[in-house]
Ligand SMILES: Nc1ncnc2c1ncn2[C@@H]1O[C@H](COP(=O)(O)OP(=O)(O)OP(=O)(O)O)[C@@H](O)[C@H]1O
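Before any questions on how it binds or moves, here is one chain, the form predicted alone, in structure tokens.
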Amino acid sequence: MTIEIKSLTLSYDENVILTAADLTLAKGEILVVLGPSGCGKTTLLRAIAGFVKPDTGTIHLNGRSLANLQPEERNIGMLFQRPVLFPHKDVIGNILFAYRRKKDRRMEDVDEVMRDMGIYSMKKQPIETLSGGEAQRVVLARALLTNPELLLLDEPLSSLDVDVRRQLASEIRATLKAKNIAAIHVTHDHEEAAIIGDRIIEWSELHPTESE
């Protein structure tokens, strides 16, 4: 089991986002949480990543509690809706930034992941010249080089054109499967969820309302 969440309660500005939610994720599994914008999907990911502290409940990653670990200590990668890149660095500079602390780093690994993501020929390209899809490929390549135990995807395809979204969703799924990396992907798009996920759960399954 990669992730095991038990009785997780989250609130934000006095609004209850989750109440005693349970969630599990198997090794190498891609789970999609499907729900409307503003329901709390991002807050759930931020709690797993360590940016938000739960009110109650536990989160375990591969058997170890994340309760007292800082985000940088969790070995979790995260992609956001908008790519977070350094505009003063080129593509290879952005990718190597995440690799700088690894003692056993090899440029062969960098080249491999860049080829996997279809950006090898862009390594010297300025960030400002990239399309939205290309920028997300750079961010994903950077995340994969850290060998995360879990990858969190916060609607990273939502701003892309439909055709690019479909293509990149397929590429992300293929890459995660090839590397056997578990992931939680949140989205409001049903087609995107069907392309990328092994398992899909509705937000209402995690946080049913009183009317339900």
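Just so it is clear, the model here is predicted, and its values are computed rather than measured. Note that residue numbering follows the sequence shown and begins at 1.
Heads up, the form predicted together with the ligand isn't pictured, but that's what we're talking about next.
Trainee: Does the 4.5 Å heavy atom contact test between Glu29 and the ligand in the model of the complex come out positive?
Mentor: Heavy-atom contact with the ligand at 4.5 Å: absent for Glu29.
Trainee: Under a 4.5 Å heavy atom criterion, is Ile17 part of the interface with the ligand in the model of the complex?
Mentor: Answer yes; at least one heavy atom of Ile17 falls within 4.5 Å of the ligand in the model of the complex.
Trainee: Can you work out whether Gly38 and the ligand are in contact in the model of the complex, taking contact to mean some heavy atom pair no more than 4.5 Å apart?
Mentor: Flag for Gly38 set to yes.
Trainee: Quick check on Thr146: any heavy atom within 4.5 Å of the ligand in the model of the complex?
Mentor: No - in the model of the complex, heavy atoms of Thr146 and the ligand never come within 4.5 Å of each other.
Trainee: Can you work out which of Gln167, Thr175, Thr43, Ser158 has a heavy atom no more than 4.5 Å from the ligand in the model of the complex?
Mentor: Looking at Gln167, Thr175, Thr43, Ser158 one by one, just Thr43 meets the 4.5 Å heavy-atom criterion.
Trainee: Going by heavy atoms within 4.5 Å, which of 53-61, 66-74, 159-167, 30-38 lines up against the ligand in the model of the complex?
Mentor: In the other structure, the partner sits against 30-38.
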